[in-house]
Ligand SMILES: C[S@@+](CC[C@H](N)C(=O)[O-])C[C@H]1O[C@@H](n2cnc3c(N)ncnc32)[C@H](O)[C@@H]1O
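A single chain comes next, written as structure tokens; it is the form predicted on its own.
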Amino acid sequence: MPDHDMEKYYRARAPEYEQIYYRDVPERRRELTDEASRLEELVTGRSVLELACGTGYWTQIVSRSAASITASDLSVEMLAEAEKKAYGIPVDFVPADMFEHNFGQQKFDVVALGFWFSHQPRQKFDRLFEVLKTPLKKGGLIWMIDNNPPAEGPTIETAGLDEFGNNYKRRFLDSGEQYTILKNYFSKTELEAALSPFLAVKSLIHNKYYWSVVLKTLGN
């Protein structure tokens, strides 16, 4: 089931969400641009399922080279923003809870997940990885990107930790409205340890602002 505080936050934030991609920090933008190039190459000629697609920022990049795209999000407000964009190929947008919807089995070459792993409770990683693996064809890949801790100011912004070590932080909308959401951060070593029980790491980039990873099922 979704975290309803998180769900409310992202529904409310949809119109202003993409501000995160255009902050006036050249190194931050460079990391995103480099990752966009890697993602475009990764999905070339492949069928892609994007989960938690949000406003379609990464969907648009995938559409430059992919053969087909199914993009899904729980928030209809986010999907409404995504549907305003122009794409290189048609995109099948699906409003759905990734943990409840059946996307089929062994159907896609790549499953993409942008900026969601940090919102997944640590004690439920096994459930998330099952969701990511099930739609993959044999030899398929999983791509993820997410935030590193803020580079300026406190090392980790926190409103408290729970019994499982999940970090919570306060987020503010442009209106000043405040939400407290789950947001975990990982060092490279911590990330490798979190992923290795479930999937094989094909590549891992851990930069100043963002990390990204390409995963494959164990044994492939």
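Remember, predicted model here, so these are calculated numbers, not experimental data. So that there is no doubt, residue numbering starts at 1 and follows the sequence shown.
The form predicted together with the ligand exists for this protein as well; it is not shown, and the discussion that follows is about that form.
- With the ligand left out of view, the stretch that reaches within 4.5 Å of it through heavy atoms in the predicted complex is, among 172-180, 32-40, 52-60, 189-197, 52-60.
- The ligand is not shown here, but in the predicted complex it comes within 4.5 Å of a heavy atom of Tyr17.
- By the criterion of a heavy atom within 4.5 Å, Tyr10 is counted among the residues contacting the ligand in the predicted complex.
- When the ligand is considered in the predicted complex, Ala96 lines it closely, a heavy atom lying within 4.5 Å.
- At a distance threshold of 4.5 angstroms between non-hydrogen atoms, Tyr87 is out of contact with the ligand in the predicted complex.
- Interface residue among Leu128, Leu136, Met78, Met144 relative to the ligand in the predicted complex, by the heavy atom within 4.5 Å criterion: Met78.
- Of the residues given (Val91, Leu132, Leu74, Ala82), Leu74 alone sits with a heavy atom within 4.5 Å of the ligand in the predicted complex.
- Along 116-146, these residues reach a heavy atom to within 4.5 Å of the ligand in the predicted complex: Trp116, His119.
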